[in-house]
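Just the one chain here, the form predicted on its own, laid out as structure tokens.
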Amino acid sequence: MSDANQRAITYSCAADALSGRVILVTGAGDGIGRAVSLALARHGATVVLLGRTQEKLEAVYDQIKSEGGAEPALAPLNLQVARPQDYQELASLLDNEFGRLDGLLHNASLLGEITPLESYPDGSWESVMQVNVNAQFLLTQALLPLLQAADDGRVVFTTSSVGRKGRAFWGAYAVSKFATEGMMQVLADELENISPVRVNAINPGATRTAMRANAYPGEDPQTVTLPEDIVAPYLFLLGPDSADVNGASIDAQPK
């Protein structure tokens, strides 16, 4: 395990470490996105909650407020059908409201089908690529000026073990995560010496989410790690203590 990975999974975040930071989380309505959004708020961040289901975002908003956190911002957006101008409009709204963005977590993903490539439905393939690759590119591109306006912006992509070594039947999801790893590495290398923005990726590992249940329907969910138990690496990579980490692909759980 690399030094950066060890630091990430053992990270203890100070109570006010993220105070004043504005961080956008995609897929913030449930699962890992919800858990990380709540954790960010508990450590002082103002969280921009992006997701496709207004009611879920409002529930996270209400919990953050009930816990005394900074007032979040709601950004309902369906990444599967969003157009380039939708991302630019979001960037303009955030610019007007905050003038910068300190962190961007690409958490939202589609699983697609678990089936051989030879029989993979083309519609499902396009949907997975749209959410897992194209939307991440367009959102990052639109928000990069705001991230560069911050003192030390952070971008965190969500990867997977099947995006590092191909596995039969994982189809578009695996291919999209290979693309995610590549996008992270390219952007990290481009910004390395010209910007304080740091770009990394996190592999959550086996986590108790709806996506995991769909991928492994026979698995006992009680044997799988809760999203709340893997927030430390996210707090690390989205906060100020990861200034020396760039282009890393981190495992949220020990191997």
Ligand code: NDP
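A residue's number is simply how far along the shown sequence it sits, counting from 1. Keep in mind it's a predicted model, so treat the numbers as computed, not measured.
This next part talks about the form predicted together with the named molecule, which is not shown.
Participant: Would you check, heavy atoms only and a 4.5 Å threshold, whether Ile194 touches the named molecule in the model of the complex?
Facilitator: So Ile194 does not count as contacting the named molecule.
Participant: How about Gln80 - does it come within 4.5 Å of the named molecule in the model of the complex, if we only consider non-hydrogen atoms?
Facilitator: Yes.
Participant: How about Thr53 - does it come within 4.5 Å of the named molecule in the model of the complex, if we only consider non-hydrogen atoms?
Facilitator: Output for Thr53 is yes: heavy atoms within 4.5 Å of the named molecule.
Participant: Taking the named molecule as it sits in the model of the complex, is Lys177 near enough to touch it, meaning that at least one heavy atom pair lies within 4.5 angstroms?
Facilitator: Heavy-atom contact with the named molecule at 4.5 Å: present for Lys177.
Participant: Could you tell me if all three of Val36, Phe236 and Ser249 have a heavy atom no more than 4.5 Å from the named molecule in the model of the complex?
Facilitator: The answer is no: none of the three residues contacts the partner (heavy atom, 4.5 Å cut-off).
Participant: Ok, Leu147, Ala108, Ala172, Met184: which has a heavy atom sitting within 4.5 Å of the named molecule in the model of the complex?
Facilitator: Selected residue: Ala108.
Participant: Out of 156 to 164, 139 to 147, 117 to 125, 94 to 102, where are the residues with a heavy atom within 4.5 Å of the named molecule in the model of the complex?
Facilitator: Answer to the contact question: 156 to 164.
Participant: Going by the named molecule in the model of the complex, which residues of 187 to 203 come within 4.5 Å of it through any heavy atom?
Facilitator: Going through 187 to 203 in order - heavy atoms within 4.5 Å of the named molecule in the model of the complex - there is one hit, Asn203.
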